[in-house]
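Encoded as structure tokens, the following chain is the form predicted on its own, with no partner shown.
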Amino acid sequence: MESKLEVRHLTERVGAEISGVDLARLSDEDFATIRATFETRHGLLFRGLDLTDDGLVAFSRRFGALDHAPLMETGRTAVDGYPEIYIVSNVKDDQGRAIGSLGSGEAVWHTDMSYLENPPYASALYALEIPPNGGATSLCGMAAAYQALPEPIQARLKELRIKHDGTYNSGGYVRQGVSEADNPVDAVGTFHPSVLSHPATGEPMLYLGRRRNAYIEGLSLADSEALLDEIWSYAALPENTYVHEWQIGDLLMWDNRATMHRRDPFDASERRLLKRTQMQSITAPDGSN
């Protein structure tokens, strides 16, 4: 049967929408096209889906082994029977307990779980309930961000590592089992190269994590802060960014090495419910096993 798969670029620099496919019945040929598109566009959008938890996990697993979801801010796991699924939601149960994480506030620019030695390769977010306004998710391309930097900064960054903070998540909440800390030099975290080469394309990419508590190895705190501020001023330029306005049934994926993402706040009285899976890293960001 002839494939009906279509690819449409979301912006010039990042993201592609895939249509004309049934994710539950993907041929190997169509999946190869989807994967190749992901490796060059670094973000994928599928619309109008009706996925079960089994279907979400099965499609995600075609990209590689899946991580178990981290604990939510409440200390609870997310979905009974599906340890790979994490709930991103402001909804509360009938006892007033949050069923998910990240509430309704802004989630600042970040890449998922980069405080780990081997952060997840990719993340997928599937929309079940969406508020009428707010809550948009944005992706920015980190190859484009690197290209936007002045050449002297590009050259300098190739020799530097950045500490990716493990104290706070993207919503500003302190992670489970970690003490609050706001000194970037002493805060818990993991050093990663500030510039990566994409394993499929060879493109150089900025790798920043989060701005809060970031620290450049070997510099004074003042010098680190000044250089980070300059780098971050290029990190999410509008021309290198895609803003996604959610619809129920959307699945948005991103490569955590090649993009950062953020979320707009929304009215806390409105329900928002999404489910996330994460594909395990095969190699550390520096390319080691």
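Residue numbers here begin at 1 and follow the sequence given. Since the model is a prediction, treat every value here as computed from it, not as a measurement.
Beyond the structure shown, there is the form predicted together with ligand OGA, which is absent from this document and is the topic of what follows.
Chemist: Looking at the partner-bound form in the predicted bound form, is Arg13 within 4.5 Å of ligand OGA by any heavy atom?
Modeler: No, Arg13 stays farther than 4.5 Å from ligand OGA in the predicted bound form.
Chemist: Using heavy atoms and a 4.5 Å limit, would one call Asp112 a contact residue for ligand OGA in the predicted bound form?
Modeler: Asp112 belongs to the contact set for ligand OGA.
Chemist: When the contact criterion is heavy atoms within 4.5 Å, does Val88 count as touching ligand OGA in the predicted bound form?
Modeler: Taking the distances in the predicted bound form, the answer for Val88 is yes, it comes within 4.5 Å of ligand OGA.
Chemist: With the partner left out of view, is Trp246 within 4.5 angstroms of ligand OGA in the predicted bound form by any non-hydrogen atom?
Modeler: Although ligand OGA is absent here, Trp246 would touch it in the predicted bound form, with heavy atoms inside 4.5 Å.
Chemist: So in the predicted bound form, are Leu102, Leu125 and Arg272 all sitting within 4.5 Å of ligand OGA, heavy atoms only?
Modeler: Checking in the predicted bound form: Leu102, Leu125 and Arg272 are all within 4.5 Å of ligand OGA.
Chemist: Which of these stretches, 51-59, 37-45, 246-254, 229-237, has heavy atoms within 4.5 Å of ligand OGA in the predicted bound form?
Modeler: It is 246-254 that comes within 4.5 Å of the partner.
Chemist: Select from 252-266 the residues with a non-hydrogen atom within 4.5 Å of ligand OGA in the predicted bound form and write them out in sequence order.
Modeler: Residues within 4.5 Å: Trp254, His261, Arg263.
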